[in-house]
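Before any questions on how it binds or moves, here is one chain, the form predicted on its own, in structure tokens.
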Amino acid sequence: MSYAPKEVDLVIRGAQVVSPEQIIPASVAIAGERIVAVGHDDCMPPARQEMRADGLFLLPGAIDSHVHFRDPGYPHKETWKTGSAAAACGGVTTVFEMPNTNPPTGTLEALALKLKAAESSYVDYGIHGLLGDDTIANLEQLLEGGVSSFKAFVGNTFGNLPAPTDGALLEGFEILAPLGIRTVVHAENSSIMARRQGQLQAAGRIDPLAHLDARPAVAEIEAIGRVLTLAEWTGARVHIAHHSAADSLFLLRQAKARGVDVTAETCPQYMLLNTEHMRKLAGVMRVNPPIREPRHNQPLWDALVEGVLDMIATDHAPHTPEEKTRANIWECDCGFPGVETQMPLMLTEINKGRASLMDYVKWSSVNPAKAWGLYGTKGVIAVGAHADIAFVDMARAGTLSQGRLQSISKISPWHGRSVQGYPIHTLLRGRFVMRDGHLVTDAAGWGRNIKPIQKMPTPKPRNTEHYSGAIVKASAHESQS
């Protein structure tokens, strides 16, 4: 269908356009920042520029809900310019950046520093503000200042931000629920992990698998259960970050069946890597939550296909090689780069038949766009949407190399891995930020905050019916005793 002006800026011809429902041959016309026509070649308006994309698939640009660009505070690990360059070269057109920078994004002053740093971004971005005991009073101010959402570090990670108390988490959810704002939660139990790590260190354990032993799956199970309880009670929207364990999937499945507004992401590392890899790569693979045993890999794939898990994110968390290769696992910083390698890794699995390209578009673009209030403007190749497009060659094969990463962090567990399926060009709001596999360097600063286009749906009333029923039944039982 076409609503195009008489002349447009660009017409892309010869490609296959991918949505969650179908893959169709179609041309795409772009005027300014938006798509103005999708359809048959003969229906396209005249254009100032035409581009052949024969043999390529057009995917909505990927939306990564979870990146750490380390700026302000840790520019030796990453900057907004280098991190967003990695995103652009990975077919990612929108990122949501985490608040554990220095200073943490929990005040208007800290937010101003981050927004200034983001002015160099190659891709569009959302900012997760910090939900903690000391920031509860700032939540609404931060929303007015430009944050899109919030992050609660219920489990400790890089930056050593204190986990919010349960009281603060409940209060934060009570404030954000009527506003329809979603909170990302790093869901691990900090008390369990701190105690176990202390015991392991006292026993002299410094080997790579000690990190996993300090963070058992029960820490994720308990934290997710607690977060879902508070979210259901308050009606708050929540998002479970980097879901790592097969054992906690039942909680998401049951909560969704009850109508809890919860979304959840997993990452390529939890589906494709396991403890066998960690024995070889040691601290390079230290990440929170940890890479787990092989039995967890396939259930996470199955949960994505089922819809229990909603999306792919990366937890792009760069550090320098020296910070990742220390002999003592407790001294290796947690995390590694991922925003540039996610798409080829996932496309490789699509080529192997583990899912369809339509599934991938749902996980990488559509569901994140819906979760963060962007769908229709982003997450889709359709008339009126931003011209955010990843041009993908499913036949192109190669080998991932940490030395070629755009990220400052030139160390990756994916180094040397064979892949088939690459983003060739990345278009953001009608402008190429990556072309022919190369960063378009003068596009730095083209990215902008998604906050003005974000539209969160009207919140649902809180669901306490099953709690109230349980209370009534318990009271009746006690009165009969």
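The first residue of the shown sequence is 1; numbering continues from there. Please read all numbers here as calculations on a predicted model, not as lab measurements.
Below: the form predicted together with a small molecule, not depicted.
Note on contacts: among T94, T183, N100, N367, the single residue with a heavy atom within 4.5 Å of the small molecule in the predicted bound form is N100.
Out of the listed residues H386, H128, H242, R237, H242 is the one that sits within 4.5 Å of the small molecule in the predicted bound form by at least one heavy atom. In the predicted bound form, the small molecule lies within 4.5 Å of some heavy atom of A317. At the 4.5 Å threshold, heavy atoms of H425 stay clear of the small molecule in the predicted bound form, well away from it. Not displayed here, the small molecule is kept clear of Q342 by more than 4.5 Å at the level of heavy atoms in the predicted bound form. Although the partner is absent here, C334 lies within 4.5 Å of the small molecule in the predicted bound form, judged by heavy atoms. Proximity to the small molecule in the predicted bound form, taken as heavy atoms within 4.5 Å, picks out 287 to 295 from the listed stretches 192 to 200, 167 to 175, 134 to 142, 287 to 295. Proximity of H66, R70 and T157 to the small molecule in the predicted bound form is complete: all three residues have a non-hydrogen atom within 4.5 angstroms.
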